[in-house]
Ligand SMILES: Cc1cc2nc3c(=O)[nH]c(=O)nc-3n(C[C@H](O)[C@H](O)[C@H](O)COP(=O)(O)O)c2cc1C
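Form predicted alone, single chain, as structure tokens, below.
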């Protein structure tokens, strides 16, 4: 199949033009300092990706509050102290012709035990029993805390615009705070922030409105949302579609479709998939097809793509406008050049196994293992696609424990 569809530019509703349809979706890099500042590693990493010809780069998991980290080494943007390095980070992509959007996030309850002094969530719902050794039961967020988070999303977006980034993406998927507000399982409130689908989506609409107020109408703002949580009592596809329609009506520029949480990691591909889904490659393509008939906002699907032919076929279906890839770029940072030329990467994304049941069921290495590869690229080296999952797990646990200790000490 001709690679021309993947190479076509895309004009967003606000007039922004992306040079092609291939997007690096967000991965958590954890390449910040232990006191959460930008490092030159991020500049090196994103310059490498931008040189590959990719159209849009989404950064991974930039936090809006230093008190609310998802993991040690998160970059936090809550003031302008890092503005010089932020400008270098943005320029590493834009100077190569790629757009770069910052993914803004608040982890809510989804933060390792002991990292933060206080984890908040819409409701004080614990994790399932086999994950309570890793995650604490959160505190129910107060009205003041909710309003503070909303303001912080807007402030962080405004700083990103000032630094020269091309746009921002709200992380509303994978079980983080925005996703928690949308979920009937995690959000059991009965006030103005929960109790009905309309009230559960009030938070995400408020976050979007505050970002838009602070960045203006021409700066691109997108969101990553679950098609479903794949968790008993969680958000289903019907409620997700209603949320997407509400965001489209509010003027959002791009919606990325994904799915799952830490407790049900559908986005990683480690859970069983129907043969038809595997054949079509994209995990969430059917959901995108149902959305296409109801919204005109550009849609991006991430998860499962393996080949240039599969990506072009998905685009040809009309169900999506952008193809998102992530983990492949951690093991083959030059893959976009091959894909845009109609050729497949020699590397294949495979589930990372440690032999430890709990770790493998929770798909923990689908973050930890790939983060180690990103660090190598950020250091100017090459990834190690054959690295042992067990060795990477042991090294990551040691690093995370030390990182949590250093983070707490630096904030004390």
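Numbering follows the first chain given and starts at 1. Computed from a predicted structure; not experimentally measured.
Keep in mind that the form predicted together with this ligand is missing from the display, and what follows is about it.
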Looking at heavy atoms inside 4.5 Å, which stretch does this ligand contact in the predicted bound form, given the options 154-162, 320-328, 241-249, 191-199? 320-328
Looking at the partner-bound form in the predicted bound form, is residue 302 within 4.5 Å of this ligand by any heavy atom? yes
Indicate whether residue 38 is a 4.5 Å heavy atom neighbour of this ligand in the predicted bound form. no
Find out whether any non-hydrogen atom of residue 27 is located within 4.5 angstroms of this ligand in the predicted bound form, and reply yes or no. yes
Taking this ligand as it sits in the predicted bound form, is residue 283 in contact with it (heavy atom to heavy atom, 4.5 Å or less)? yes
Of 359, 50, 377, 367, which one comes within 4.5 Å of this ligand in the predicted bound form, counting heavy atoms only? 367
May I ask you to choose, among 185, 306, 128, 292, the residue with a heavy atom within 4.5 Å of this ligand in the predicted bound form? 306
For a quick test of understanding: in the predicted bound form, does each of 103, 258 and 371 have a heavy atom within 4.5 Å of this ligand? yes
Interface residues of 52-71 toward this ligand, as seen in the predicted bound form [heavy atoms, 4.5 Å]: 60, 61
